[in-house]
Ligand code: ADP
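The chain below stands alone and is given in C-alpha cells; this is the form predicted on its own.
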Amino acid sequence: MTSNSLTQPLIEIKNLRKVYQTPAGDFTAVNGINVEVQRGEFVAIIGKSGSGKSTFINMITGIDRPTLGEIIINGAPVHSFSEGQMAAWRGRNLGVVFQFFQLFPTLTILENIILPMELNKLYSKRERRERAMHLLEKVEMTEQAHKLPSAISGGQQQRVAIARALANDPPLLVADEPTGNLDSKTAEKIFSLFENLVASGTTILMVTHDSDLARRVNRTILISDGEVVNEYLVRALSTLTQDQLVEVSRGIKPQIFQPNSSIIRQGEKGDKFYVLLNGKADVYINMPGGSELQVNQLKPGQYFGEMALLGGGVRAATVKASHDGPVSVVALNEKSFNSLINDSRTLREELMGLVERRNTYNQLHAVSSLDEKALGSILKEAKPVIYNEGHNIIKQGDVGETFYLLLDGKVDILLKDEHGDETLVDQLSKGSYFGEMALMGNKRRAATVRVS
C-alpha cells in the first residue's frame, strides 16, 4: 500500500441510489447518499426499520448492487464488480459479523475460523491453524477451540464470529446488529472488543438500534427515508432521539456565510439557534475602546446562539465565519428551539451547562487581556503571591478551588501518565491564566502547573 493510499478515505460512497421494482411501482430505498469513512474509524449506522440502512450496508458488502452511484473501498470500485469478482474481493478485504452469528454448526470453533482462509487460499495449513488460535486468543475463546457452536453461549458464538471475520486480516469489518441478540452485559463486552480492534487499526461499520452504543463511536450516520441526515447536526444534537433529529433536519435548510462575515453580533437580540455544518467560525467579545477579542473557534458539529435564547435575549458575543473559507450553518428559530428543549430535558440541561461555561470562559479571556492598570483596579483586594523556581502551584488530581492570573515569569504545564512520568505539554507566560477548568466542570486538576 502506498503512502498516498493511506491518506485516502477507506470508503468513498458517491451519489448512491437503489431503486426496487415492485408491483406497485418503483420504490427508492436509498436516495443519493454521499459518505466517506477514514481508515481506523468506528462508525455507527442508525435509523428506524425501513429507513434504508440495511439496503445501504448490503450494497457495501456486495449482497445487493446499486442502481446508480459508486462504492469505492480501499481503492477498489466494488460497484462495478461481477459476482465472481465481488466474491473474490470480499474474501480478502471484508469481514462481516451478523446478528445471529451464522457459524457452521457441524464445524468446531477452530474449523469455523480456518474455513475463510482455506476458501481464499491464504496462508499455509500450519499458518492457518496458528492464526486461528491467535484470533481465538484475541477474543478470549482458546479454551473453546474444539467445541461445536451449540456447546457455547450466544455471546461466545458472537466472539467466534468476530474472530472468523478477522481471519483474512481485512481492513474493513462490517457488523450488522452484532449486539442485537445479546444481553446488555455481553453486548458491552462485544463493544469493548470492537473498540480494541479499532485501536489496533481496523475500520468498523456497525449497524445498531442501541442509541447508547451509537453515542460512543467516532461517528454516527443516521439514515432516514433513504437519505443521510447531516452528521454534524447529529453530533451537535446527540441527546435528541432519532425521530427528533429527523424532524429537525426536515425543517431547515443550510445557510452559507462568506469568510469574515458576521453570523451573529454581540448586543443584538437573539432569535435563532445555529449548528455549524461546515468550515470554522470565530467567536469574539467586545472590548473597551471598540476592539474585539477572539475567545474561541468553533468547528463542524458545534453550536452557538443558545445563550440569548436561554438567557436575556441579547447576544453575548459575535460569531464570524473564519477567514480561511466560507461556513455552512443551519438555524432553528425560537419556536423550534423551544419545542426541542421542551421535548428533551437532557438537551436543555446540556445547553444550560454550556451557557454557564461559555460565560465564564469569555470573562476569563476578557480579564486576561486587560492592561496592568485595569487589572490592578479589579484585583486591588488580592495580593500577589510569589513562587520560586520548581514550585508546584497546582497538582494534577487535586481538587481545584482557585483561579490564577500570571503577572510575571513563566510556568510549565505537565501531564502525568499511568506510570507516573510527566510530559511538558505547554508553557504559559505573563498575562496568561490557569486553574479555570476545575472551577468550570471537573473539580479535579487536569494537569500540574510548575514554575519554570
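In case it trips you up, residue 1 is the first one in the sequence shown, and so on. Here the structure is a predicted model, which means the values were calculated and not measured.
Below, we refer to the form predicted in complex with the named molecule, which is not included among the displayed structures.
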query: Can you pick the one in Gly397, Gly50, Gly390, Pro384 that has a heavy atom within 4.5 Å of the named molecule in the model of the complex?
result: Gly50
field: Partner-proximal stretch of 407 to 415, 35 to 43, 422 to 430, 51 to 59 relative to the named molecule in the model of the complex, 4.5 angstroms, heavy atom
entry: 51 to 59
4.5 angstroms heavy atom contact with the named molecule in the model of the complex for Asn15: no
